[in-house]
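As a starting point, one isolated chain is supplied in structure tokens, in the form predicted on its own.
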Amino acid sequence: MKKKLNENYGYIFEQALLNEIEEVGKLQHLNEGETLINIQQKVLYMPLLLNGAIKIMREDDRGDELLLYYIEIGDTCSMTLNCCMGESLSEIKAIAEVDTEVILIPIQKMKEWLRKYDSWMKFVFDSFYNRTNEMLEAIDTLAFLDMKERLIKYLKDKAFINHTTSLNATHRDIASDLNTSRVVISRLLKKIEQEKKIKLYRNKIEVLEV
């Protein structure tokens, strides 16, 4: 854990803070598709990513989900930070996009480090700023792009996060992330394939334009 901490956060945090993270942090492994934080769950820890990626989802009153953004190595989730600061229940669902490792930081330490370490305060504020921009991008995508354009952006983002153009994703999974029907996604994927931007296989999509 110490080696990965230094690789991913050593350029941000001073050694004293890295030592405290190693001392109090709880290492957790998540398999692809495993839930780290659920909606209405009391948030007791703040995650720092060591490996992998996590997708942040919102859920409406009917239980339909919508992808907001991804967090990657060196990131944390601003929605989780907000819940930690306010000691409120989670309003998002955090799911491992791929096999992932995180360090869970107790929320008591998060508040203590805000007063103790300038680097931690900067990291928290930068995380709020970056995630806010991603939230605005998600809103713009919903407001200004049609479903086909949203789907193309989704596939490119997923390829970037997974570091591969070969995506293991079913039409139903994509429909769930984009809060639409499988029939709509299947029809649009066929259309995008005809434009030679992707190649469709059984439960796999090859992104040709990234």
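All of these numbers come straight from a predicted model, not from anything done at the bench. For every residue, the number given is its place in the sequence shown, counted from 1.
Below, we turn to the form predicted in complex with the DNA, even though it does not appear here.
Next item on the list: Check, residue by residue, if Asn31, Lys55 and Thr76 all come within 4.5 Å of the DNA in the predicted complex, counting heavy atoms only.
Entry: The answer is no: none of the three residues contacts the partner (heavy atom, 4.5 Å cut-off).
Check: Of the residues Val184, Ala159, Ile152, Ile39, which one places a heavy atom within 4.5 Å of the DNA in the predicted complex?
Finding: That would be Val184.
Notebook entry, point to check: Which residue among Thr170, Thr141, Ser176, Thr35 has a heavy atom within 4.5 angstroms of the DNA in the predicted complex?
Noted result: Checked against the cut-off, the match is Thr170.
Check: Might Leu66 be said to contact the DNA in the predicted complex, defining contact as any heavy atom within 4.5 Å?
Finding: Output for Leu66 is no: heavy atoms all beyond 4.5 Å of the DNA.
Notebook entry, point to check: Is Asp60 a contact residue for the DNA in the predicted complex, using a 4.5 Å heavy atom cut-off?
Noted result: The answer is no: Asp60 has no heavy atom within 4.5 Å of the DNA.
Note to self: I'd like to know if Leu200 sits close to the DNA in the predicted complex, meaning any non-hydrogen atom pair within 4.5 angstroms.
What the structure shows: It does: once the DNA is placed as it appears in the predicted complex, Leu200 has a heavy atom within 4.5 Å of it.
Note to self: I'd like to check something about Lys196: if you look in the predicted complex, is any of its heavy atoms closer than or equal to 4.5 Å to a heavy atom of the DNA?
What the structure shows: The answer is no: Lys196 has no heavy atom within 4.5 Å of the DNA.
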